[in-house]
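Quick setup: one chain, the form predicted alone, written in structure tokens, and binding and motion questions come after.
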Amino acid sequence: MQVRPNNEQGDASPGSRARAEALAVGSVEALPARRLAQQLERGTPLRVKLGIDPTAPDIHFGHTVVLGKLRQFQDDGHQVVLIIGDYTARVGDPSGRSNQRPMLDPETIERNANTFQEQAFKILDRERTEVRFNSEWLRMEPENLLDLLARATVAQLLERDDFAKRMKAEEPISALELLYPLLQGYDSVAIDADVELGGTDQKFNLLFGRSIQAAYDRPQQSVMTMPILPGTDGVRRMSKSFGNYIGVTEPPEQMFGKVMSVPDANLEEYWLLLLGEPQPEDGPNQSKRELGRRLVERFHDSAAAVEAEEHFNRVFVRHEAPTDVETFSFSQDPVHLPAALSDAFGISRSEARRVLGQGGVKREGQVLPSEQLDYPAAELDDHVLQLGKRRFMRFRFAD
């Protein structure tokens, strides 16, 4: 690979400094200070790296924060390099973890990687995105791996905060986890990265990439950390495993409804991180509605945004059933309701009885009594049953 001259030192013109400041808007840190402006002074497109381990298939709004920043770099004329960590996914990134991540099988990794790529192009310009799989260079010969291991110390690796916490708590750290920052850092060497982006939880890995580049006598990248979007619970980071996420491919009405569930205290953060704008001063309800419309329009279209808001009004404001309710056919008479709810909504019978006991099942908007568990078929035929706040099903008797 060609080694470009190091420009770690030196000043930058006012124009380059202004471009660097514009690119850094919305980030938490751009490190080292002034490095990005110095790189822009070269006058050639930068190679901007984002590494993604395909541990889950779907992109949610939390991912779009850093993907949106990548798109900004593309619009400024730079080359984005999206690294699919098909190899590092087998190791598992320990960032922010109190234990070792489970290893994934190759089939799951490949399936997740394909889905993730396609969803990422809802935000990134496909023509200005270079997609690489890090198994291209990380399936290295043993002597090359030993050479990589020799370029870092255990003391450097143990500086990371999550490792220090686990050592203090006398919790195990596998040798495999210690290897992860080295592998991610080598990604930057392999693709000649000028800039690397990531969430604030990735700061150690991003800066460690600079150390690995220096160990190989390569120009060191600048790094940019982005804020982490809280989930719809307003407490933990958005994550599919926490169930507090909004996926970019979710149906419009579901996307809009989840936005409306975001706590008022997190609205300003959502506006800034997802739209890059301050929250309007017209009250939380209207701010959520506008945010929901804008996001549905972004990932679907304007017509879908209008229909999603009307769906929300119909179901949650006027307490009416949706217009496009699925049909569940049943043939029992009488009907044992917990069993029918289990079959219709895909829940257990015990869960169905629990929801019934809490008054969470309605027929045409009226709460069904918890003490009655059996109904004549005629009393359910062609009626819409509602389970909880969001789930509806039209029951139809098939005699």
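Bear in mind that the values here come from a model prediction, so they are computed numbers and not experimental data. Rigid core: the largest C-alpha set superposing within 1.5 Å between the two forms. Numbers follow the displayed sequence, beginning with 1.
The same protein also has a form predicted in complex with the RNA, omitted here; what follows describes it.
**Q** Just one of 285-293, 298-306, 197-205, 109-117 has residues with a heavy atom within 4.5 Å of the RNA in the model of the complex, so point it out.
**A** Within 4.5 Å of the partner lies stretch 285-293.
**Q** In the model of the complex, which of the listed residues (I83, V262, L274, L183) lies with a heavy atom within 4.5 Å of the RNA?
**A** So the residue touching the RNA in the model of the complex, by this definition, is V262.
**Q** Tell me, which of T44, S350, Q372, Q366 has a heavy atom within 4.5 angstroms of the RNA in the model of the complex?
**A** Filtering the options by heavy-atom distance leaves S350.
**Q** Going by a heavy atom distance of 4.5 Å, is G359 a contact of the RNA in the model of the complex?
**A** It does: once the RNA is placed as it appears in the model of the complex, G359 has a heavy atom within 4.5 Å of it.
**Q** Is there a non-hydrogen atom of H383 within 4.5 angstroms of a non-hydrogen atom of the RNA in the model of the complex?
**A** No, no contact at 4.5 Å.
**Q** Please determine whether R390 contacts the RNA in the model of the complex, using a 4.5 Å cut-off between heavy atoms.
**A** The answer is yes: R390 has a heavy atom within 4.5 Å of the RNA.
**Q** Residue-level question: is V317 within 4.5 Å of the RNA in the model of the complex, judged on heavy atoms?
**A** The answer is yes: V317 has a heavy atom within 4.5 Å of the RNA.
**Q** Once the core is aligned, please say if the CA of P45 is shifted by at least 2 angstroms between the shown form and the other one.
**A** Result for P45: no, shift under 2 Å.
**Q** Once the core is aligned, does L67 move its Cα by at least 2 Å between the shown form and the other one?
**A** No, because once the rigid core is superposed, the C-alpha of L67 moves less than 2 Å between the shown form and the other one.
**Q** Taking the rigid core as reference, does L356 move its C-alpha 2 Å or further between the shown form and the other one?
**A** After core superposition, the displacement of the L356 C-alpha between the shown form and the other one reaches the 2 Å mark, so yes.
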